[in-house]
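Just the one chain here, the form predicted on its own, laid out as structure tokens.
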């Protein structure tokens, strides 16, 4: 099944060559046509159950889709949230919510592309978010700010994490957080401002000023939102890891081909072990990371605990992609900095995954504490 998906996605991506992405990058524009093509082909509804009009596939299939997008030279950041947010909505949303939104998402009439978690003063410390949602009759009144909320300006719906009980009144610091499905088309008091960055990621700051969100849009149980979004976060890490694999394989193929074709001092540069070995090492690291990504996705699809595996998949794949990116740029020399080769663009894009979602150091701290039993460091 996944091999067939890969072939189909590759064929679709062939319609969007490097020049398409170069133009978007230069203008910092959203890939509207590409997202529309993925939507029309049904790939963004891959995880939505068939009864709601989706494909009913597992996370492994979604990972194959995004890996292939990146392996083709494209970038799935414009649309991947519609896949990983399903981890929270499908597992914790109620029947009425699924009936109301999933069919329209599957048909491409609605976009669920925004995940409002990070804040200016909270960062990776999710338990310290300050955005408040206060119950008032049949609505919650939301006030606060979110930062690095990518695609908010191109999304109809947002999954929002907000504090419903003050931190000083909860027994456990991750308690008192709740998840809401916010309809950005109708919400009054929401301000979305683009944040310029080194990559074309459509990221934004989102400000909520007395925004009324229907109580019916509360996902799962009030106060248990942190546990609910973990499903989305694990899915996100696994899917981002798959994108990193795609990047790494693109860099390795690009570097290998250039090393065969580029002749210096009367011989292909790929004949030199100083050029060969870094590419070969990047290849080995990528294949090893791919095994962890596959294991994490399989555990997620089996509804098993997959926190360590999802984190290790993201760690290993992001490091493999960054090593491959550096090797590819070094192999190309000066040509690696030319926009026409796409290397510099994807070099910038894949660097993000050392930082987000969740930084490399926080993954190591998680593994040290929760897997190895070492003392808590933060």
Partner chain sequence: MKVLVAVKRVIDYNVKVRVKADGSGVDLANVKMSMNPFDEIAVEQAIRLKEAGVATEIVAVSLGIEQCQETLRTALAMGADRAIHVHHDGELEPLVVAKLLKAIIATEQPGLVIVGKQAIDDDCNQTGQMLAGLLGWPQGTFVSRLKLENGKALATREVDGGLENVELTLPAILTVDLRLNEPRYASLPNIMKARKKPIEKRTPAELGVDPTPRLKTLKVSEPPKRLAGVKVDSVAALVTKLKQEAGVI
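Numbering follows the first chain given and starts at 1. Since this is a predicted model, take the numbers as computed values, not measurements.
As for the form predicted in complex with its partner chain, it is not shown, yet the points below apply to it.
- When its partner chain is considered in the model of the complex, only one residue from 46, 315, 35, 329 comes within 4.5 Å through any heavy atom, namely 46.
- Contact annotation: residue 370 falls outside 4.5 Å of its partner chain in the model of the complex, judged by heavy atom distances.
- Among heavy atoms of residue 376, none comes within 4.5 Å of its partner chain in the model of the complex.
- Mapping the unseen interface onto this chain, residue 42 counts among the residues with a heavy atom inside 4.5 Å of its partner chain in the model of the complex.
- Within 4.5 Å of any heavy atom of its partner chain in the model of the complex lies no heavy atom of residue 352.
- Stretch 54-62 is the contacting one of 54-62, 320-328, 337-345, 23-31, since its residues have non-hydrogen atoms within 4.5 Å of its partner chain in the model of the complex.
- Interface residues of 1-15, taken as those with a heavy atom within 4.5 Å of its partner chain in the model of the complex (partner not displayed): 1, 4, 5, 7, 8, 11, 12, 15, in sequence order.
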